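We begin with a single chain expressed as structure tokens, specifically the form predicted on its own.
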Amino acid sequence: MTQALELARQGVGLASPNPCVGAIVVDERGRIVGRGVHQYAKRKHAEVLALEEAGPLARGNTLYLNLEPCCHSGRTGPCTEAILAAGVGRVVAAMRDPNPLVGGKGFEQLRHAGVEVSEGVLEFEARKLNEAFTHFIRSGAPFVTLKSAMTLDGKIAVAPLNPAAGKGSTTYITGASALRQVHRLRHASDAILAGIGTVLADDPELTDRSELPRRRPLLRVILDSHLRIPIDSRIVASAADDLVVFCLDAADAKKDEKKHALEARGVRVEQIPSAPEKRFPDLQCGLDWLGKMQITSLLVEGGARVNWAFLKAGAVDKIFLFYAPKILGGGTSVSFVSGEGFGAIAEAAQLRDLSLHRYGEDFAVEGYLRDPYASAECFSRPAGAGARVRENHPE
């Protein structure tokens, strides 16, 4: 199963909006005779590819995969029928498919036909790998990860974001190893979001520079209520049907002129209702729009205001916070979140299932604000699992 999961991870960036799936056929002597990895563009599911490679050697032997085989027709036929046709004697799967069209029915079909089925092997690892798919298939909205880099005292910049400070003046707080992980997070995401303040201050491109293959470009999303985004910014200059700007839907002749100018440069401008406080486009409307575009995962790399807007709206599923061993201090330095804050400790955003990672001299805290598996059947966490500390050497 560990090897099946490793195969499945090869689908990161290539399988969405489908799940990452790897499959292995093992004969009675323990030899691997078939392997398969799902890629959306190549259509065939991992178990079908593994069975095709195994050929006659699949008969009577064992198929390992990290996700329950599908039992319905979509872009391909049911994988359960392919398994039965190949004469597989045993199927070992890590987790049930969260898709309501499957949800245990694939296992039932196989068992009814006399195939031995085992499930739940390395289930926690399998669910973590496909947490975005699980959330998306159940909610229709992307799984939101809030990412930021800061000093030990929670500062993300030395002074308030100021457009007059000059463009492209970003100074990275964390080191090279942490930055490589940031680009791996971008690679694993379908979309990335920032606010107009970040664009005006840093003039970023917000691209995936992991150099890993991906099926579709990283969709770049900017929250810009009043369309202040400069026409000559680097992110607009690099737009190629991969840049969306969310603005407020109030009528404004100057805004309409700017909208047409952006669209002429390949930028998609979406006017959506305002949030209750009237300062931001409604985040849930934005997430719903992204869901309709089959964006299963969104990485938020905003400034203090955007971070607070997402936290206040309860729109964050997961956080990934990088810390450098530095203390900045200062009354004018920028904290991770701004805004009015939660009214009491009891109301504060509470993280769960924490993991700690090391990246050179830096470290990161990964945790969940919402349980992505709360509605999943038969989810099991390892006994005694709580906060985990592990060394991470991504190089």
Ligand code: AOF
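The first residue of the sequence shown is number 1, and the count goes up from there. Keep in mind it's a predicted model, so treat the numbers as computed, not measured.
Missing here is the form predicted together with this ligand; even so, the following discussion is about that form.
- Checking 82, 295, 110, 102 for any heavy atom within 4.5 Å of this ligand in the predicted bound form turns up a single hit: 102.
- Comment: this ligand is not present in this chain, but in the predicted bound form one of 118, 76, 210, 284 has a heavy atom within 4.5 Å of it, namely 76.
- At least one heavy atom of residue 72 is located within 4.5 Å of this ligand in the predicted bound form.
- Contact between residue 46 and this ligand in the predicted bound form is found at the 4.5 Å heavy atom cutoff.
- This ligand is not shown here, and in the predicted bound form it never comes within 4.5 Å of any heavy atom of residue 190.
- Residue 18 belongs to the set of residues with a heavy atom inside 4.5 Å of this ligand in the predicted bound form.
- Taken together, 144, 315 and 320 are entirely out of contact with this ligand in the predicted bound form: none brings a heavy atom within 4.5 Å.
- Stretch 130 to 138 is the contacting one of 301 to 309, 214 to 222, 287 to 295, 130 to 138, since its residues have non-hydrogen atoms within 4.5 Å of this ligand in the predicted bound form.
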